[in-house]
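Each of two forms of one protein chain follows alone as structure tokens, named structure 1 and structure 2.
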Structure 1
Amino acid sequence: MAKPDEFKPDPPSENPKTEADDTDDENGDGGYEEEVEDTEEDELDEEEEDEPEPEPRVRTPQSAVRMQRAKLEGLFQRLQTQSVPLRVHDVLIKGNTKTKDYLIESEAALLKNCTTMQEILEVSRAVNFRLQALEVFDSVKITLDSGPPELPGTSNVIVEVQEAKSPLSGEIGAYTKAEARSSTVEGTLKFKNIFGHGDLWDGSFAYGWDHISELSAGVHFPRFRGSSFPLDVRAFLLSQDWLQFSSFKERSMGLSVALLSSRNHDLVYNLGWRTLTDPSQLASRSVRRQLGHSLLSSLKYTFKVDRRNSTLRPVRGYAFAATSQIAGLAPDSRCSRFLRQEVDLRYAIPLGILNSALNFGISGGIVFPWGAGFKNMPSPLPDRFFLGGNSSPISSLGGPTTVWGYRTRGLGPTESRRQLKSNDGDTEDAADPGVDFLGGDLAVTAFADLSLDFPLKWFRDRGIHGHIFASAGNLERLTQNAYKDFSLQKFVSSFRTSVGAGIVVPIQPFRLEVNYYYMMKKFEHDRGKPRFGVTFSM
């Protein structure tokens, strides 16, 4: 007998439908899902209509500054890390109303050879310095502008100058010359750019309390007739008092012309009439023989190269200078005829401790007459070498002149001055007149200097440092057949030597030294002794 089937209710539908739903389905109108979609679209449209449109962003001055700063920082970062190719299309000159264009263009000509922005910036600084050095502009401004649009990668350089408001300037001051017996008052008056060629006309004087030491006038053209070399012409009247050291006064008047002047080369022609006198009437026989008039017609050439990091405190690098002079370029019988040669060498080696450095140098010079009978002729007294004085050999490159601690013209060959009779006619009771320093035809000096920082930061920040030094030098006569008796061994053994220590204060553009000197070796008439001293050098 079959069992009756059990009743099983249908499972509930997952999407129950109402009658309305059934009716919609039957009618095929999209049903519930289409209605929900329409409702969502309407709501989105209403939200879009209700949402306000974004207002345009307003750039504040602060944000503009930040953006500009960010661009500049990016440019600087790029300039430091990589070369930026850039060529100069043209150099534009503005602001010059009197100065000729060719003068500024010649100074800025190097800009047209630049190929990178870094090179343009570096050369622009040099051009700015050179234009300022002409002394005819109150200000110089160099800017970079974009080049023509059709020439990408190019730039125009704008040189804008402001000419001096007044063509007249002057200076006056009081000075004490270590080589002279008295102080002087010195002044200079300049007229600038009168003809628009960058020309400088000046007159200067130096007045001692009892005489005029120097009076001169000259003109300077930085680019004469478009050449790359300047032209200097100067007329002078010079008086120097050497009575205290060598019993004579020198007075000269004449003309000097700078034929060539560049960074490493100088060529000067001098024409002067010199007069040596002895107002004291105490001069030695060698000095008296040279009193009177003489004509100086000479050509002097100087080659100089200085690769030191500083002239006030060299820590690394070297410097070399050589000066050659030939005198006697005139047919006059009173013309001084001689050859003169000077050589200087300086070298600085860093030691790496307390910014210390070892500087050493050597200088030498020789002067010798030429012409008929030159072997028996003396060299001109004013053109000989004299050692001593208050200058530092570290900074100067002017031949053999200084041995630390010795007074001006304080060593070398000497000769007794004339002995005057006393009132009763007895020469033995008369006071000792002393000696004349005659200088030398051959001179050699050498020095070594160890500089180092002080441990205190206050001194280091101001460049004040200490140094320990030693120097030596000697003079010898070669003329009037004296060279026949010259002995190198004797010359070296008679070197004067000195040592010392001190404090160096760099005061731009001077080097101030406060030193203590001790003479290791000297001779009877040498003017040197242990002492404290102050020196100024440029």
Structure 2
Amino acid sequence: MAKPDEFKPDPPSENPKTEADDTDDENGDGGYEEEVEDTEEDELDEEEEDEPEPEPRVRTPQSAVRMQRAKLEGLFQRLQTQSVPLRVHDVLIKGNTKTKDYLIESEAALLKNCTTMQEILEVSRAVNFRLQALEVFDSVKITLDSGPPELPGTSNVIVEVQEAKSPLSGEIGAYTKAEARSSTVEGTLKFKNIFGHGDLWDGSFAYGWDHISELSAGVHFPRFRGSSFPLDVRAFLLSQDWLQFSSFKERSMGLSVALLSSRNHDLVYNLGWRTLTDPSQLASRSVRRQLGHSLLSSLKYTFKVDRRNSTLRPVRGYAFAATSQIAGLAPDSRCSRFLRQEVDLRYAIPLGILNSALNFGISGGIVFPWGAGFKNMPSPLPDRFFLGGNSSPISSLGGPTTVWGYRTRGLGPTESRRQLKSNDGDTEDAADPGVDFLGGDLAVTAFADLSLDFPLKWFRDRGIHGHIFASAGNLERLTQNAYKDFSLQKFVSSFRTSVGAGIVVPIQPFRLEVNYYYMMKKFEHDRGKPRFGVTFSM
């Protein structure tokens, strides 16, 4: 993918009339160049009050170069100190043989509203970046040319694109998607711009930290049917293995449509066929009741604001995220129906010594079924909240998921698994089958983290720093009339807590932590004990 080019003024040429001919690229950088016609400079010069005396008509080449340089310097000085009025008369598009004009025109539409040269330069930079971000062009060049002679003070903007020679590309990366529950490492094969609408077709395989594997294929339209928002449609086959923790495997297949995707807002519709199975045949009673097929038709809206200076090591700022999901949006009343809400808040306060900062965070979530007889229904097992795992709560804004030190799905309500008979036929002597972690309908987590640099420069240069932290979290069942027994005091008093310290190594885009954890408060069956551990997060 071609890199966005920086703004570079051309050196003054011997030919005073610079054409919008960008083929002779002296720098070889596929450049982002801007050239100003002498005629335009003359018009600008005429506006100045103190005009230099006209040059002698007969000039030597050296004096012409000096004059050109002086004019350019004067122009750049004016650009820095005052607005230079200039309007865009027309945006001309060149180089696109397959890509539809409307796509480029819509990305460059803002140029027509510019009224000064500074604005044109700034917007041109943004347009260049947006066109590069479509991933269908090898290079993008934006040039300013003089407008029609009969319209002084105008210019034409020429957008010259070079379409990607090879429509096929592959990449490996780490992503956090709005519709996913966790971050994933993904390998992708892409076909670009097959129909000329900037469409990106891809097939990908992803593996997530939460025992998730996903095979998917999708298409991305940057502007669907003239709208200003992109459209993403994906067909997915997703598999999650929770046998070790909750005695079930989940397999989902379906369609995911990103209806709205912008910096702060995401709206995704999911239609999926979900199947829960227990190949081990050891599941506890509550899990056995949930095995089988269900149809999930849901709308998920995420609002996110992240004003922290960094997600890997936030030192100042705040972040807020809220996710609402409503499932059961189908005429068929036999599909899964529930409401789910998550809230995250993070805040970082700089302390001013050794680049230290205090990070606070709190996350909460609730899920509840709806429909006839909802009070007696359990919430769907895969949509409940589970706490524990090897990710850091500082970076992620994905609802209540982690309490430092507790293993994956390591705390909360449990139920005994099926007990098998021993070889001599006596059940009581059989090995303990363990418990299934059932998750909760209400979850709350909180943490406080103090990060600070090490005194050694070697660590500081690499961003390696230390941190001391404390975290707490709890889960509770509310469904099947359990909400009648819910008590806030009991919920707060049964919070699990942990403290610890460790080293943080930022390896873009990951945050690697090597920590020592100590459980201050835990309950029977909780899977957490004083230990060293490593967390990865993005």
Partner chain sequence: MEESRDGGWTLVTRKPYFGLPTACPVCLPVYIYLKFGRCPFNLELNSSYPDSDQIPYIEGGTYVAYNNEKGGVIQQLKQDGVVDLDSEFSSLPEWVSMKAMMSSWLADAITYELWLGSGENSAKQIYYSDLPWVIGKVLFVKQVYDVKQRFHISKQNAEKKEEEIHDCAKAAYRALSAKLGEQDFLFESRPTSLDADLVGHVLFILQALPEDSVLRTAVLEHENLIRYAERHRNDILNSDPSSASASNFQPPPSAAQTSSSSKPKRKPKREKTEEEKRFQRKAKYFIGAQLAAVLLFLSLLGSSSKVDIDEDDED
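Start at 1 and count along the sequence of structure 1; that gives the residue numbers used here. In this text, the rigid core denotes the largest set of C-alpha atoms whose superposition between the two forms falls within 1.5 Å. Worth saying up front: this structure is predicted, and the values here are computed from it rather than measured.
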Exercise for the section: Quick one: identify the form predicted on its own, either 1 or 2. Expected result: 1
Practice task
For H197, decide whether the Cα shift between the two structures is 2 Å or greater, given a superposition on the rigid core.
Solution key: yes
Problem - C-alpha of G292 moved at least 2 Å between the two structures on rigid core - result: no
Handout entry: Rigid core superposed: Q162 CA moves 2 Å or more between the two structures
Key = yes
Problem - Rigid core fit between the two structures: Cα deviation of E105 in angstrom - result: 4.3
